[in-house]
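One chain follows as structure tokens, the form predicted alone.
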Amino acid sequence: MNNFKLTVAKDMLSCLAEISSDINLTVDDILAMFEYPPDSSLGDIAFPCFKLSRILRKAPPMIAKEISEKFKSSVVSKVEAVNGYLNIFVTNEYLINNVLYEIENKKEKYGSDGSGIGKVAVFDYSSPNVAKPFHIGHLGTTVIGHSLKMLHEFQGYDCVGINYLGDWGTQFGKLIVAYDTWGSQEKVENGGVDELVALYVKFHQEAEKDEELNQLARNEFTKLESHDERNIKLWKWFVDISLKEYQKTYKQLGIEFDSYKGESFYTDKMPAQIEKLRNSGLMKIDDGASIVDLSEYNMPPCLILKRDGSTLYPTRDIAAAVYRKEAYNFDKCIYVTSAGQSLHFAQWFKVVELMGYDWYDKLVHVPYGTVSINGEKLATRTGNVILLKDLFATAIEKVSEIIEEKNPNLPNKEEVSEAVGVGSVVFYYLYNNRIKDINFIMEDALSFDGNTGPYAQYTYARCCGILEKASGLNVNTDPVITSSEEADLLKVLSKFNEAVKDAIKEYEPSVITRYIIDVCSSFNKFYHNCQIVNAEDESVRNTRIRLTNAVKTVLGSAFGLICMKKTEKI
């Protein structure tokens, strides 16, 4: 609807100038005033006249009536003055010429306006801690981050996806102590990440009884930072084992990263930033630790070095940001982490600003809420986790059972089960606003009814089935709109670019998932109320087939923006 609104805004400006020379609005002002009515019977867009009341010294209903009598536009079929609003209706000709034809011409590029061309966006997401399980708590950063990357890429940005692995820190000291005390090479080689997790959990259980274990762990990490040969070898081994496991989940999600540079990569890049902080006078000693005082900005101090000289998360994050700016010259550097880290990011973002880096305002933190399973929160230290691979496996198995019951002769059943099972989990997670806490309920996620991934994927498959039946038909007649369902469907399709822009502006993938449901709902209403392939009139039939193809195109593009695979048959 963006182009429609722009045309109407220009025509509205001409109309208002005719009514009064005292109205000093711009096209952008008018665009900002447009609203979508709650009911399509009230128009496709509405123009509220209340802001004009003071200027014209008339009641809004009178202003709306006056505009309705003078307003003219080639893209508007009618206008109605209702309670201070001017309700505006789009012409069917516009929908055909500027929506249907545009989708057919641009195909998978429809909805993109190229606003990111020439710009670079860096995305720091997923970033699991090595030697810990890839559990449902990582789902948020992984799918939100990748969705935001796909959205920016769709708009033309040159995107860099970075998996900033948690491959450094005291947890490795704990793991080394646990390995030496309770583990063995054979057990770790056979058990992989699961065995490393078991050792990590065992360490915390025993450390509650014996505090000395924590000091031993600190000692081992200090040795690691000093490049102790044995500890470095063990560390590399733990990292390799973890990465192999994570790659399996990324493959299921269709995610590839441009860089796996984790925290350890920046160990030799931190000293320069620490020296810069020291020379600038920003860094102070407080009880033996090195800090940047942020009390002036109503924040606790940002810790840079521990008493023993060891680095912390802010130290590494600052060094990483400087490196990424130098390496990629980004226009945006986006970090997708839990809302619990919001203070951490606010602190080191402020430190970067105080250090004099003029790109500090290009750093963006995108927080998200917690996730639980049936109300139970997760904790790695206690072993209370739901592994993402197990969650996906359960979803795939349940979808497989449904397919076996409903469509046992379906080709590629395993592939479809994985696409729908994984897609159902992703869609369920991304459907709600990212900042909300989510209680994951498998039965709800897998439902083929309602606002779910399977419902969306089934709608896509339905489009494919219709187009398969229509294959071989010549559909190149002039399109005609003969029903409200056809017009309403094109109106929903026309809003794709708006959804993309809003999702990027708000860093909110749920805008796309909800848009997908809007498309599916509108298409299924059209499907149930209108004959498509069997329509008697050739022009009507051809128009509806082309509409179905347009829906398939837009849904396919939208699926790609939220890590969900297309399913031609279910």
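Note that residue numbering follows the sequence shown and begins at 1. Just so it is clear, the structure is predicted and the values come from calculations on it, not from any experiment.
Just so you know, the form predicted in complex with a small molecule exists too; it's not on screen, but the next bit is about it.
- Between the options E195, E418, D317, E485, the residue in contact with the small molecule in the model of the complex by a heavy atom within 4.5 angstroms is D317.
- The contact with the small molecule in the model of the complex, taken as any heavy atom within 4.5 Å, belongs to Y335 out of F203, F172, Y335, Y429.
- Residue contact check for Q341: one or more of its heavy atoms lie within 4.5 Å of the small molecule in the model of the complex.
- Proximity of F345 to the small molecule in the model of the complex: non-hydrogen atoms within 4.5 Å are present.
- Contact annotation for H138: at least one heavy atom lies within 4.5 Å of the small molecule in the model of the complex.
- For the chain shown alone, S127 is a contact residue for the small molecule in the model of the complex, at least one non-hydrogen atom being within 4.5 angstroms.
- Contact with the small molecule in the model of the complex, judged as any non-hydrogen atom within 4.5 angstroms, is confined among 119-127, 462-470, 400-408, 419-427 to 119-127.
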